[in-house]
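Heads up, the chain shows up twice below as structure tokens, two forms, tagged structure 1 and structure 2.
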Structure 1
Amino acid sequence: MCCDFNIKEFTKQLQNSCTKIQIKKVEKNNTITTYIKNRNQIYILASGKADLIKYDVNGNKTIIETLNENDIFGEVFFPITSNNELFVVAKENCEVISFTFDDIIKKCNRTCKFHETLKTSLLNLIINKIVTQNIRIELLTKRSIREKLKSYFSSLSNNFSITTFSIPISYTDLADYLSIDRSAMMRELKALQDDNIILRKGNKITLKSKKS
């Protein structure tokens, strides 16, 4: 995270200080928001994890984005051009900050230093959002399951500056995130291990080689 915005401290302080920004708690598996009716709303995940998901006409799920603490989201970052509704669903109990564009521009009724903190930190949060979306686009441009997996593992390795790491989501969710069949993905994971490119134990991956 390139932003030094302390989301926990901000959330704690603004509860009694800011009249423009709302805080809500969302329990695991509940919908935080949808991207078809809250067009002017912006959200920051103060705690917990969530997924932005889409279902096609056959009911197949695609994870468009995984969201973690400090991530900013909302329909403004993913404009809807059809009747396909997107859902942000809590993967665990979450605390969410919400506000509108107007809330950022207008001043609070009180003198609110926390509102000003958000205004100055918003650019960094948006920059991080753009970086995350670019990584997602790069993953989806890979033509094969193997290349998608290798690119995903490489991004995790670079983020943590280590060669051994745990996949932060389930294999089912990973298949949805990469838009690939789970069974085919599991076969490719085995092939990657057989080719001595990775070592896999549960959800723990070790990168062993840069061979194709």
Structure 2
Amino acid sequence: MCCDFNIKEFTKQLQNSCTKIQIKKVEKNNTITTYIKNRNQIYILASGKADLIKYDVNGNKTIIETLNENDIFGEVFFPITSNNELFVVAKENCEVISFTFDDIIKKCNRTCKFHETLKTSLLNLIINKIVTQNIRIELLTKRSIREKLKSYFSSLSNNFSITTFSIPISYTDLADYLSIDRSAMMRELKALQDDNIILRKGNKITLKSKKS
């Protein structure tokens, strides 16, 4: 997928020249937004990292998505109900641009080039999101911790073309991402090493080649 859209450059040029597209800076640990029904706001993370967090009726917290630069998020992507509240919280200082879905489909005025750029880029950004989601779904549908880990490692290794790599997130977060118990995951990591399938040093993993 080719995408020559540079969100940082776009943001810099934009500043306040289009009233329909907002830019805001949010400091670490602050809330970027709360999802509100029918507002149809769309956000793009121009810089920083953030988490989309849910609290269910019992107050349990889940990280629904981890968001990085270029990631798109917002209410339009979620069925919002009264049973859950969705928040996006900055994990680092963030720069965020936002607009409503309806505004961006329409033209702002004849000279506003930002709308057109955004509309075309939006397709690319959204498609990337779907790809990311499909990878996650594939991992989640694996029936055992071992299979989940093997799939995850496989995707990190660009499907086995690289044999040694670092895990880009903490093991605590990885367990959340794969939706498994952390201690059970650590146990399985050791089992994978005992079975000579991987070699692990801290967050560095080496895949052992199989003789089939």
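Numbers follow structure 1, counted from its first residue as 1. C-alpha atoms forming the largest set that superposes within 1.5 Å between two forms make up the rigid core. Keep in mind that what you see is a predicted model, and the values were worked out from it rather than measured.
Peer 1: Decide which single structure shows the form predicted together with the DNA, answering 1 or 2.
Peer 2: Structure 2, not 1.
Peer 1: Superposing on the rigid core, does the Cα of residue 28 end up 2 Å or more away between structure 1 and structure 2?
Peer 2: Yes: residue 28 shifts by at least 2 Å between structure 1 and structure 2.
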